[in-house]
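Read the single chain below, which is given as structure tokens and is the form predicted on its own.
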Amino acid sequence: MPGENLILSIRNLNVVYWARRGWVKAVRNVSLDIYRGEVLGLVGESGSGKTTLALTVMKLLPTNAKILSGSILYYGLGKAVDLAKLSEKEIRKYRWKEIALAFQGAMNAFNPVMRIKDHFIETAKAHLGHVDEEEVLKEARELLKLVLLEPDRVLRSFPHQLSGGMKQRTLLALALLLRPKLIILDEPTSALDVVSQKVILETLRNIKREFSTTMILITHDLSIAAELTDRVAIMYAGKIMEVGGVEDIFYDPMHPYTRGLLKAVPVLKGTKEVESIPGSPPDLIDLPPGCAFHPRCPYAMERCRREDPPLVEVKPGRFVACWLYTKR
């Protein structure tokens, strides 16, 4: 086992979707390691492949998608298991009990005709078989307290009786029900007001402190990544462009795309001007040759237009896919 702290190791993963115009290259040759107890931020613009990567780990891809190549090695049970090769029946053993996914948009994550208490009970039954319903609800109450909600009120409610922020926190509690070792959070603060976002972040801190749960936080909001994560992976056009510690990424960004993202973040103090990245993300059906970012990159060289740079370790713990740093 390569590294005692490794819980998930993604290697050379390629995922495509079929569309009318052709194959959408949603995840391109992604390699990424996640370590026990850490919060990894997966950051990028909308359409960069972040959610597709999460759905691939859970094997919840839609029918028009397929994994072309690569492996997803999970080490949670002590030995490596390639999730990418498991059947639907086999992967069910890992979903929710080992790896949980809190979907983007909690508004649509619940059955509207079921009370919240029934969501907890049905989730437990689906993965554990016969359960003591009172024990499940007792656990649910403790988890709802952890996410700063009033348990009895929430459990007897229907989803439409909860606000967006309450639904999102309830979804987090539900994701924790079976004590998974890894939780993937897909845009947990999207479509929420600033106050609700603050409560969600506090909730995630509580979860990290209480359970030392490993998390992958998917977001396009750099400020949330800065506040909560230990390491950050920057994704663009289906590919990982840079990986590093949170302070490295924010104070010493290496990839031109990472620098562009940081320049586009407004600040409360000082006279720094906000600069947007010129151009638009590429068409994932018809990608430009070479590095996908080169049409928008101020440092693009001839080699960038011809060859796609590999993701390489340029310093201990720092990985960059850019010809500015890659010698070969």
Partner chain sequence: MGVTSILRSYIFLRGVRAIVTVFVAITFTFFLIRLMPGNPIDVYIATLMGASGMSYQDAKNLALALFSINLDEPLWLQYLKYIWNVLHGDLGKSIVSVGTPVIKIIATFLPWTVFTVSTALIISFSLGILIGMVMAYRRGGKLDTVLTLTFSILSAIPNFIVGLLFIVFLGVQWKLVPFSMLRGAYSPYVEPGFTLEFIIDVLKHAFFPILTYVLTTIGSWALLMKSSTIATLGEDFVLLARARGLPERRITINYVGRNAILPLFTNLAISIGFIFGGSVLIESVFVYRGIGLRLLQAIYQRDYTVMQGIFLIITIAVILANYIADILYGVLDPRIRVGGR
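Small disclaimer: the values here were computed from a predicted structure and weren't measured. Residue numbers count along the first chain shown, from 1.
Same protein, other form: the form predicted together with its partner chain, not shown, and the subject of what follows.
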Would you check whether its partner chain, in the predicted complex, lies within 4.5 angstroms of a non-hydrogen atom from each of Ala226, Arg231 and Tyr236?
no
Select from the listed residues Arg141, Lys181, His119, His220 the one whose heavy atoms reach within 4.5 Å of its partner chain in the predicted complex.
His119
Would you kindly say which of Lys198, Arg92, Lys145, Lys85 lies with a heavy atom within 4.5 Å of its partner chain in the predicted complex?
Arg92
Is Pro112 one of the residues lying within 4.5 Å of its partner chain in the predicted complex, judged by heavy atom distances?
yes
Spell out, yes or no, whether the shortest heavy atom distance between Trp96 and its partner chain in the predicted complex is within 4.5 Å.
yes
Close approach of Thr123 to its partner chain in the predicted complex, 4.5 Å, heavy atom:
yes
Hey, in the predicted complex, does Asn108 get a heavy atom within 4.5 angstroms of its partner chain?
yes
131 to 139, 199 to 207, 76 to 84, 152 to 160: which one contacts its partner chain in the predicted complex at 4.5 Å, heavy atom to heavy atom?
152 to 160
Neighbours of its partner chain in the predicted complex among 43 to 62 [non-hydrogen atom within 4.5 angstroms]
Leu55, Met58, Leu60
